[in-house]
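The chain below stands alone and is given in structure tokens; this is the form predicted on its own.
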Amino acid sequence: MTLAAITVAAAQAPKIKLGFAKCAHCLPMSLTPGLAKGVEIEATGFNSGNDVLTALVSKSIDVAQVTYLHYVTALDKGFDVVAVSGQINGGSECISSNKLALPGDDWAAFKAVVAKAKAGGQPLKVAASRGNAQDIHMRGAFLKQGVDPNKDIQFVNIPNPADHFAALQREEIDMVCSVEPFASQIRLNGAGKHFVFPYDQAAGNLTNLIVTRSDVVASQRPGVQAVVGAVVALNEKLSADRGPWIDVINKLTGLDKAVATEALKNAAPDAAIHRSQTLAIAAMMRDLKYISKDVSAEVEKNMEYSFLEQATGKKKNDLGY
């Protein structure tokens, strides 16, 4: 292709503004511009998934990496969001304070500590970033074990996951359900101990989802298709070699590569859109009163598998439908 032809092709390529959050399994989205074919992606990092969702619904960006929980929350609020791909799952871990001396994965010991603290008039202080995947994973896992997060503990909202480390280190909280790479940072620096990966609940380990709006689908379909193609290509690349993933965590968070490497033990590339589990998440969020109504119909209506089918060559029944 001549230089003139390349220039014309670049000028004709659709441009997509993409937003992603700053967590271990979100940060690889910054690599999609280098893998995109037939689209110019402008990738921007945001502090949280809530910020990314706000940018999408306010039309500041065209495509967003959020969580399944954000997707359900958006539908509950009547926002126009369309799920077009999965991305990476995992990344949640409940970490207890050292003073609690709680054995890992010992729910019986945890329930005994919760009951004793509640009876003593000083309920256990458990933190998370309210409304993110880790918060919901934690609440669902607690409920399944018979611990009501609204009655049996004192919930502490720490919006920025980067602040979880200091709160636990200063013994302001007894436990935190954090996101990678901050969970690994806490453990590797001795500020807390592993208690449990909170995946034994309706949401499983589902976390990240790629969403857009219906007007973007209508007006920029080739661009959205190219973004989904880049996500699929990225997942294949990261499944084969986690080196670029470690590098991007190191570069964008400033955390060292040992923390990044540890964080990736709790993350799994997965481009599928898990329909039945999303419905279960919506039901759980309604039970927890995080949403106001039954959004099952909206959840199914706003899942668009055609982009993923074209990008992978698979049918939707093999892509989580």
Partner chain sequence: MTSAIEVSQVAPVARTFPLSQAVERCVVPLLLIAGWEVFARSGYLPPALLPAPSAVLHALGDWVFGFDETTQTYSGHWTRDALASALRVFGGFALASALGILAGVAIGWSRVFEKTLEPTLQMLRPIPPVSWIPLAIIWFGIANKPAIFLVFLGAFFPVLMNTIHGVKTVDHNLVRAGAMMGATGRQLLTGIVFPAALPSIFSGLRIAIGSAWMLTVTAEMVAVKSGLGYVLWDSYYFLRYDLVLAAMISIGLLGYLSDLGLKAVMARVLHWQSATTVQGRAG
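Positions refer to the first chain, counted from 1. Owing to the predicted nature of the structure, the values given are computational and were not obtained by experimental measurement.
Only in words, not in the display: the form predicted in complex with the partner chain, which the text now covers.
Asker: Heavy atoms within 4.5 Å of the partner chain in the predicted complex: does P244 have any?
Answerer: Taking the distances in the predicted complex, the answer for P244 is no, it never comes within 4.5 Å of the partner chain.
Asker: Even though the partner chain is not shown here, does K99 get within 4.5 Å of it in the predicted complex, heavy atoms only?
Answerer: Flag for K99 set to no.
Asker: Even though the partner isn't displayed, in the predicted complex is A74 close enough to the partner chain, meaning a heavy atom within 4.5 Å?
Answerer: Judged by the heavy-atom cut-off of 4.5 Å, A74 is in contact with the partner chain in the predicted complex.
Asker: Verify the contact flag for A117: yes if a non-hydrogen atom of it lies within 4.5 Å of a non-hydrogen atom of the partner chain in the predicted complex, no if not.
Answerer: No, A117 sits far enough from the partner chain in the predicted complex that none of its heavy atoms falls within 4.5 Å.
Asker: Given a 4.5 Å cut-off on heavy atoms, tell me which of 203-211, 148-156, 101-109, 188-196 is the interface stretch with the partner chain in the predicted complex.
Answerer: Of the options, only 148-156 has residues within 4.5 Å of the partner.
Asker: Counting only non-hydrogen atoms and a 4.5 Å threshold, tell me whether A36, E40 and G86 all contact the partner chain in the predicted complex.
Answerer: No, none of A36, E40 and G86 comes within 4.5 Å of the partner chain in the predicted complex.
Asker: Just one of L31, I291, L255, A272 has a heavy atom within 4.5 Å of the partner chain in the predicted complex. Which one?
Answerer: Of L31, I291, L255, A272, the residue with a heavy atom within 4.5 Å of the partner chain in the predicted complex is I291.
Asker: Taking the partner chain in the predicted complex as the reference, which of R130, K251, R221, K144 has a non-hydrogen atom within 4.5 Å?
Answerer: Comparing distances to the partner chain in the predicted complex, the residue within 4.5 Å is R130.
Asker: Across 30-53, which residues bring a heavy atom to within 4.5 Å of the partner chain in the predicted complex?
Answerer: N50, D51, L53 sit within 4.5 Å of the partner.
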